[in-house]
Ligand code: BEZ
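Presented below, as structure tokens, is a lone chain in the form predicted alone.
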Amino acid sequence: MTDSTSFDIIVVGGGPVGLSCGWQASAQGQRTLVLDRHGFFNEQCGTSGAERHWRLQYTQEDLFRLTLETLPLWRRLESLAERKLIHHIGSLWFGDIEVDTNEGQIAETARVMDKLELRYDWLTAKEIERRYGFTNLPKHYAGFMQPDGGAIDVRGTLAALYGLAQQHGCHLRGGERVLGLTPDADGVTVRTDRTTYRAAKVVLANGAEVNHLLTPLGATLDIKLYEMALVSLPRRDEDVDFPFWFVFQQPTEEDTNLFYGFGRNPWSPSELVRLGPVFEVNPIDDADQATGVPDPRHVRRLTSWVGEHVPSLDPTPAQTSTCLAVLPGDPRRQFYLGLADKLVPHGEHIVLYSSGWGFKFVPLLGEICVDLAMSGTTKHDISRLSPTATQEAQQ
């Protein structure tokens, strides 16, 4: 191998986690290459849109502790980038407090917040209506406002990570597709549509396409791909703004009946706010099948809910689009994160992260993946997230 094709760490996937790995590995002196099939800053295999929900609270205590560990890493990233990336507009959860959803459960999350001494305000349906302008909420609805939550500037984060990776000498190659991996006792051979590389370790951070590389090695992760609707709506009153909000409701026969919305983005000149349904229905087989056109029924479901409960928004969409959600088949899992040593031969040389709503963990996920690549261990508790962990045994 020539020096131009030999690396300490090769990262497959140049999205937020891949760029976080590239920055943190190269900053530690690792000769690092990040490869992305589509080119950097694309929105084709996972992350899309201008914002993501930032929250500390989780129903699962281990994930809750990981968000607490992530916050100082975000502060470090903001300091290095000289750019504010998390905007604390608040995180409002409300609805049926006992219903279990893919976001968690309100009542149990409140108990964990009490245990970990995280501040929040408990609110009745009437208080939620009075404070935040919702109307006609069922009387038994309740919830909480956690003031440290809010919105993450997605594109600002990607630019910061890319710039830091570049600054530390990380090799960044877009438009190059990885076709296959061959791990052996000494490392991993990486074959692309342009050339062949050699690495001591490989990090798979390629989201929806992870099984394209794992299946030929004899392993397949149980992940599902959903193309979810995104809807941007005008505000009827410029003086009204929102925290991030998520409404927990009993599922219907057709869908999960869950909706969320953001306030106006502090970094954006647009007056529109973005909302969406979280309907895990009609999975697609491959990311390339995503159309960018939302299901009209899902848009109608959302705008109907807005029309009934959010009078300060015009329910007629100004813009629509989609977001590709890559989620574990077992929703209790949340993520796949760890070494592939029990999945494929010589998998000790492969680190993988795939699936889940992971943007809030981006700096931490990069740190963990680099830890695993460099030493095979991490100080963070990710035992339940291991690719081979049994979820039933850990409930």
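The shown structure was predicted, so the numbers you read here are calculated from the model rather than taken from an experiment. In this text, residue numbers run from 1 along the sequence as written.
Beyond the structure shown, there is the form predicted together with the named molecule, which is absent from this document and is the topic of what follows.
Contact with the named molecule in the model of the complex, judged by any heavy atom within 4.5 Å, is made by just one of V278, A160, A142, C170: V278. Just one of F134, Y260, F242, Y226 comes within 4.5 Å of the named molecule in the model of the complex, counting any heavy atom, and that one is Y260. Residues placing heavy atoms within 4.5 Å of the named molecule in the model of the complex fall in a single listed stretch, namely 53 to 61, out of 53 to 61, 24 to 32, 366 to 374, 347 to 355. F246 belongs to the set of residues with a heavy atom inside 4.5 Å of the named molecule in the model of the complex. In the model of the complex, the named molecule lies within 4.5 Å of some heavy atom of E103. The shortest heavy atom separation between K360 and the named molecule in the model of the complex is within 4.5 Å.
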